[in-house]
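Below you'll find only one chain, the form predicted alone, shown as structure tokens.
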Amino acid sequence: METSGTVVITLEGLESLIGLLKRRGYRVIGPTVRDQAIIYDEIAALAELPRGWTDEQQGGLYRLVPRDDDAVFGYAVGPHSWKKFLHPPTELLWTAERTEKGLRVTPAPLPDERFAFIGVRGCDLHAIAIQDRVLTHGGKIDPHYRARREALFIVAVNCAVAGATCFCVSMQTGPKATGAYDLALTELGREEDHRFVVEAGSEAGRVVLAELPHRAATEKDIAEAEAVVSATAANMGRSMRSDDLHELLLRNLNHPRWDEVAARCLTCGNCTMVCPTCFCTTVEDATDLAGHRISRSQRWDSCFTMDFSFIHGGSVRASPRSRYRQWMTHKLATWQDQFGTMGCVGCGRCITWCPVGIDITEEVAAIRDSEQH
């Protein structure tokens, strides 16, 4: 049976979707409750999704709390982003072995696992698109990232909840899922009328959707779905004017606000670790005790570490002030010069998971306000 247009599936249809993707050879990754947070991990059934749970977030605060209904996707975003799977924290690049004929270098094989992501929000869709631009275009292509990305199946979710640190509307990245996805869900109703309005965004999505139990969406279904997205957009926890950030920040590189935020910043790098777009890495070599084998691995790095900008003679950015300024101005300004887009998608993770609650939207507002007084 062919499927076109917008359709509706039930909870049983969502369960069927997970099973179908597994049978097609995908490693299905979705939200699940673990360690008092909603994280992304491998799932095998509907029961593993965070049904009936939501999260409360503020600067430096995250708390998982029960909802008063059985919503499956009734939360914002947690500490994980999807880059954990596409651009993992540690990646083997090559190994070398000393033999009688000399040194033999063996590149690490390209990954052959196929991921299916379930529950990708609009902000994270844009984050994946940003990493695509950085890691698969231009002269420096990451073949490991590209291999995983080309095999990826994405089930997006239109947000029904805006976290207190979310500002995707300001960045034009949500709450409606836009961009490259295979299927997009909007969760409606609860209890007896629990259902999902589904749109296909690719031919692969249409093929999968045709195999699921579904019915055509009515005008009422579509109107309800649009109302969910509109309500979420009207209830953002944060906002940040974004049309002038490049000029605003670059003309304020010596602003006293950088000293004020540096007095609080621990330079722990949490913001870069939870950010769905940060891509900086370093390499590490390891040898066995006999010196016969060596391996080189790539791992995530952060511009908040002293070693990140270390050159002969010392670190280029020795102070917390300079490291925070580098992160924020790169994310919001010079990223545009490099890649034609901003590096922020308004997910709010850097605010929530900062131990001292430093808020990127507040820092921008403080600099902007100072120019008006």
Partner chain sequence: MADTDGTTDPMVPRLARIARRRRDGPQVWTLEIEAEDSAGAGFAPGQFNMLTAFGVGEVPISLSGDPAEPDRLVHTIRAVGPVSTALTRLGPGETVGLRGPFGVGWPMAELAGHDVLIVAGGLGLAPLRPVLYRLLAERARYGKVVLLYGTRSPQEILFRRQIESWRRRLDIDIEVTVDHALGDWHGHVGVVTTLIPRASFDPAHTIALVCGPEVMMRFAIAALRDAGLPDTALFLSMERNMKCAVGLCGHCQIGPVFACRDGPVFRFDRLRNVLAVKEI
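Positions refer to the first chain, counted from 1. All values derive from a computational prediction rather than experimental measurement.
If you look for the form predicted together with the partner chain, you will not find it shown, but the lines that follow are about it.
Candidate stretches 130 to 138, 221 to 229, 160 to 168, 68 to 76, one within 4.5 Å of the partner chain in the predicted complex by heavy atom: In the other structure, the partner sits against 130 to 138.
Since exactly one of 253, 263, 216, 234 fits, which has a heavy atom within 4.5 Å of the partner chain in the predicted complex? For this set of options, the contacting one is 253.
The single option of 32, 322, 341, 58 touching the partner chain in the predicted complex, heavy atom within 4.5 Å: After the contact test, the surviving option is 322.
All of 6, 26 and 47 with a heavy atom within 4.5 Å of the partner chain in the predicted complex: No residue of the spot touches the partner chain in the predicted complex.
Looking at the partner-bound form in the predicted complex, is residue 51 within 4.5 Å of the partner chain by any heavy atom? Residue 51 lies outside the contact set for the partner chain.
Considering only heavy atoms, tell me if residue 281 and the partner chain come within 4.5 Å of each other in the predicted complex. So residue 281 counts as contacting the partner chain.
Do residue 62 and the partner chain come within 4.5 Å of each other in the predicted complex, heavy atoms counted? Because no heavy atom of residue 62 falls inside 4.5 Å of the partner chain in the predicted complex, the answer is no.
Close approach of residue 287 to the partner chain in the predicted complex, 4.5 Å, heavy atom: Within the cut-off, so yes.
Sequence-ordered list of residues in 317 to 331 near the partner chain in the predicted complex, where near means a heavy atom within 4.5 Å: 317, 318, 319, 322, 325, 326, 330 sit within 4.5 Å of the partner.
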